[in-house]
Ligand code: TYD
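Below you'll find only one chain, the form predicted alone, shown as structure tokens.
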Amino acid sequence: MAKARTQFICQNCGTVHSRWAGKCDSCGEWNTIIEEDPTGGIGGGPGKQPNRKGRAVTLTTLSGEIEDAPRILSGISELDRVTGGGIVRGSALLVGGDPGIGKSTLLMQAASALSRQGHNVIYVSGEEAVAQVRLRAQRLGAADTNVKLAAETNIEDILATLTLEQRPDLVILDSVQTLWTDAAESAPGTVTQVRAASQAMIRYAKSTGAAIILVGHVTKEGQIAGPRVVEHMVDGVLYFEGEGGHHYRILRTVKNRFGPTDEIGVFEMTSGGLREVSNPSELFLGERNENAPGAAVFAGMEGTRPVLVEIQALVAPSSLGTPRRAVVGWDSARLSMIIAVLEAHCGVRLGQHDVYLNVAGGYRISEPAADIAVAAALVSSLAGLALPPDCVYFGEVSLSGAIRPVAHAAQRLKEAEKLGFKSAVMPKGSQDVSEASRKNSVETGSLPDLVARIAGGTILTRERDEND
């Protein structure tokens, strides 16, 4: 009799090892390698499935009629924006976020909103009992809806229940790490179980046309726990973010097969649940001190939405041999690069100063267009000079000190004008900018020129054209 073959799989990255080890060679995590049976479950060994003759599929051409994907509008505009205009029927979405951030609250509000529109919604909880989910529904005012509720973790039982019911429009599973299937022998939450459970639910969604939302736990680095293959199997990946000390939450798209990525939806956590924030710029600029040095307003873009946020910098003399560099809401390596460019090309000496950088409101910036705003905030704090309160900044800084144009300049300026900002500092050569906006803005092509304007207090003084 052949000896049973086993594998050792890292629960953090999914790497397969031939024998157990305390540390994974791929991701470097300790005590994450667990023994699993590779022959069981979906995607088992080749000898376990009966051989059958393949069938020919129909080949077609790239040209032809294109139909828009049928969508379900939840009525929550921020959620519909993030999903690209509504949840696509037959699609699978993966929602991740820190514990207690509000994932279950958001999905319960979405389920109740869809149910009020007449859609058939089923909510399956694997972490909470039915009574706990009912308490949340009462707090959110969703107890009077027709959302069908169950507390189950076995995939076979869930699928059998779904086949007995009328075909649902939306099925919510909270969470994927608690699901398990009889086809796999490993424990719930392992790579094999998560992959098998997700694949079974995705197959059900594609075959019936019901939309599936899977809730995923996140690691301490903020990534969805479990194998990365789950993110590749689903049609969309959403992250629910927020800081514990702030009352707002951001729903961010990192993958969407039926719409744009990098879209965000902004919500405010209240005692009655999540409230939509239609104008997030006002939220991030609500407690702004206009006369404080070291504060610059950055006009950023999140997908198709312009967002204005304040960047705060504090530069103070250091008594340590190695000065501190603390960053909240931005890339620390990007800050080091901006400091190096300021010292090498602008004569701004920060080697003996502690540098603290903070993005107001707990918001996190990922695009390089914030380079100019960060540099202006650093110089303003070092010189002790407040920047003009009605001016916004955007532009990318290169290692040579040049300032490069960024995309969507017109949308950034339009959002700034709507909130009362009268001027902007932007790169030369910005496209699609109206002449009226150019007259009230400063276009600069190098970082030394911007630093000289800030130090001389003439940041809003436009250079005269050479033809004058």
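One-based numbering along the sequence shown. This is a predicted model, so every value here is computed, not measured.
We do not show the form predicted together with the named molecule, though everything after this point is about it.
- The putative spot formed by His345, Arg453 and Ala455 is not touched by the named molecule in the model of the complex; no residue has a non-hydrogen atom within 4.5 angstroms of it.
- Shown alone, this chain has one stretch from 156-164, 185-193, 94-102, 383-391 that lies within 4.5 Å of the named molecule in the model of the complex by heavy atoms: 94-102.
- Of the residues Pro168, Gly90, Pro306, Gly273, just one reaches the named molecule in the model of the complex with a heavy atom at 4.5 Å or closer; this is Gly273.
- Distance criterion of 4.5 Å from any heavy atom to the named molecule in the model of the complex singles out Met269 from the list Val229, Ala150, Ala316, Met269.
- Interface membership of Arg139, defined by any non-hydrogen atom within 4.5 Å of the named molecule in the model of the complex, is confirmed.
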